[in-house]
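Here we start with a single chain on its own, the form predicted on its own, put down as structure tokens.
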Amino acid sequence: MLDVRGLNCPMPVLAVQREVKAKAPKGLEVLADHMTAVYNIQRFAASQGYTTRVEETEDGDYRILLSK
């Protein structure tokens, strides 16, 4: 799991990019705390061939599930 809560844009998507480039995971769970980060991560994920699913947590954060 990659926790990007509290990071200002563009840091959340850059953290996801580093993780994907370093490990090329088949799946990745990301926690974010604002919709701009969610949208940016979804766009990047799609460009890398991932599908995404977004769930809102009880705390009002977002769980983004990337999968190939």
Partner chain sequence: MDKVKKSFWRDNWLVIVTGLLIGAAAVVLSALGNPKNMGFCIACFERDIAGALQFHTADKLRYFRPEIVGIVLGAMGMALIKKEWRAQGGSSPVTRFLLGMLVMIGALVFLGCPLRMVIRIGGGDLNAVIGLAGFIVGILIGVIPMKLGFSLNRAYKQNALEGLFFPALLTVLFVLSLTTALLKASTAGPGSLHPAWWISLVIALAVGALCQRSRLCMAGGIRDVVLFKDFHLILGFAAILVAVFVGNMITTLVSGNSLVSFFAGFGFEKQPIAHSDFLYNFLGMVVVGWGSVLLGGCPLRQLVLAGEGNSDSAITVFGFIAGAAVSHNFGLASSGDGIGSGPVLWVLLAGFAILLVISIFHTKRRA
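Every value quoted in this text rests on a predicted model; they were computed, and no experiment measured them. Numbering follows the first chain given and starts at 1.
Below, we refer to the form predicted together with its partner chain, which is not included among the displayed structures.
Taking the partner from the other structure, its partner chain in the model of the complex has no heavy atom within 4.5 Å of any heavy atom of P25. Proximity of T52 to its partner chain in the model of the complex falls outside the 4.5 Å heavy atom cutoff. Proximity of S67 to its partner chain in the model of the complex: non-hydrogen atoms within 4.5 Å are absent; the residue sits far from the partner. Although the partner is absent here, A45 lies well away from its partner chain in the model of the complex, with no heavy atom inside 4.5 Å.
Within 4.5 angstroms of its partner chain in the model of the complex, the stretch 8-35 places a non-hydrogen atom from each of N8, C9, P10, M11, V13, L14, Q17, R18, D33, M35, taken in sequence order.
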